[in-house]
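We begin with a single chain expressed as structure tokens, specifically the form predicted alone.
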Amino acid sequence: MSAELKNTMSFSEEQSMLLDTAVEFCKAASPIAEVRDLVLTDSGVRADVWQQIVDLGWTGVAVPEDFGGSDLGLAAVVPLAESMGRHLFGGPFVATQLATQTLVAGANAEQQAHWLPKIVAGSAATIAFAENDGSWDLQAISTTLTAGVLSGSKTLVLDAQIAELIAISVRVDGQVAIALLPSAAIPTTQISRDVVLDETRRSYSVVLDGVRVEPDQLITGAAAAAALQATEQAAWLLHAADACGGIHATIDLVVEYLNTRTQFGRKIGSYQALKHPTVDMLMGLERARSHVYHAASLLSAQDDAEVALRMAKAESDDAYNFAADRAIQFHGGFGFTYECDAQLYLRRALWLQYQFGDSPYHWAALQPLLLGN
């Protein structure tokens, strides 16, 4: 793989329009008080809000036109994920987009015709690629399919209880495959809620023992490998975009507080010890966001984007964790309480960091890609 970094970056008219619409929609639909209320619900999103997302066409942004979508590609999902991250939006949007990438990259025409129109119409979907050992290597699959029956379990399956489709990575005769299962095929007693740090997320463990898979529900061979890679790279990009939105919101939260709190007769934002880290937050956002849209541009051009995607994920993880941690500290004793909104962003930052590889994992993977050894 070439270590040359292309400097291409574009921001299309479609992306600009989607970003403008998404910023206004998420601001109205997901104020912080609503985020806190939804923490106590099973779905994490109101049915009417999800229907509005469907009506806006967002569920079909990356779906080909033949199946009722807009066919704008994964890059057009980035501003939506960024805006949702900025407002800690819950619900199955990102999980559904990842499952969409699995279908677009690897499913055959019949499988796509069965599932993609349903997704466009509002059916939620998700992926089950994480094994119980927590490995970030998606090729390390212990779940097996033998004689049409699954054996194994998956963890960190987002929105499993409301998803109509669950794409599951398995091994068949030692080879990687993906099973496209309707969630109704899995007994509800075999789906259990995970307790995770980010309370705005709905994560589940799924026991697959005894679940049957029909031959026409499988993606196999080179198509399965392509689908696994495309979905993983989509996850890097959309999680990085989510983080960029969160960094932006964290900076807004910090600046508002620094211009409100008075200490020793001065606004605390006037002290250099707080000014400088705030600038560092902004610089981190600019670095991360540049990497995200650079990676999105490469994907749109169908160029090799692995280096850019890994850099986007690593930079956004580091920048978000730094910004959220400083927000806690800057709020003083109040910052360490549940009532302070800063902790919600720190929880999201930590959740995103450990999804599909943290920054040290990606920096280590980048070394041979950039240095050739």
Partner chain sequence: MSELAEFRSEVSAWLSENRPAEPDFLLPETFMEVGTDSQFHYLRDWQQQVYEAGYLGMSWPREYGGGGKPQALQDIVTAEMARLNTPFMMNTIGLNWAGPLILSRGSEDEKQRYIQAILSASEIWCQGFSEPDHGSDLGSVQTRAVRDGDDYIVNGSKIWTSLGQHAKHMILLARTDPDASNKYAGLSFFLAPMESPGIEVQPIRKLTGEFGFNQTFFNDARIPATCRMGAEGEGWQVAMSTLTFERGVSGGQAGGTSMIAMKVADVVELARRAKRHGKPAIEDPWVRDQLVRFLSEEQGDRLATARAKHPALVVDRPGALALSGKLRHTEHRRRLCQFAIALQGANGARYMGDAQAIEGGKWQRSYFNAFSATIGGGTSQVQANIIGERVLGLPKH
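Positions refer to the first chain, counted from 1. Not measured: the values here are computed from a predicted model.
Not pictured, yet referred to below: the form predicted in complex with the partner chain.
The candidate spot formed by Asn259, Phe336 and Arg347 is fully in contact with the partner chain in the predicted bound form: every one of the three has a heavy atom within 4.5 Å. The partner is absent here, but in the predicted bound form a heavy atom of Arg289, alone among His239, Arg202, His87, Arg289, sits within 4.5 Å of the partner chain. For the candidate set Asn132, Thr146, Ser142, Asn108, a heavy atom within 4.5 Å of the partner chain in the predicted bound form is found for exactly one residue, namely Asn132. The closest heavy atom approach of Asp325 to the partner chain in the predicted bound form falls within 4.5 Å.
In the predicted bound form, at least one heavy atom of Gln329 sits within 4.5 Å of a heavy atom of the partner chain.
Interface residue remark: His294 is counted as part of the site for the partner chain in the predicted bound form, having a heavy atom within 4.5 Å. The partner chain is not shown here, but in the predicted bound form it comes within 4.5 Å of a heavy atom of Gln343.
Only one segment in the set 208-216, 111-119, 98-106, 151-159 has any non-hydrogen atom within 4.5 angstroms of the partner chain in the predicted bound form, and it is 151-159. Residues of 267-283 that come within 4.5 Å of the partner chain in the predicted bound form, judged by any heavy atom, are Lys267, Gly269, Ser270, Gln272, Ala273, Leu274, Lys275, His276, Thr278, Val279, Leu282, Met283 in sequence order.
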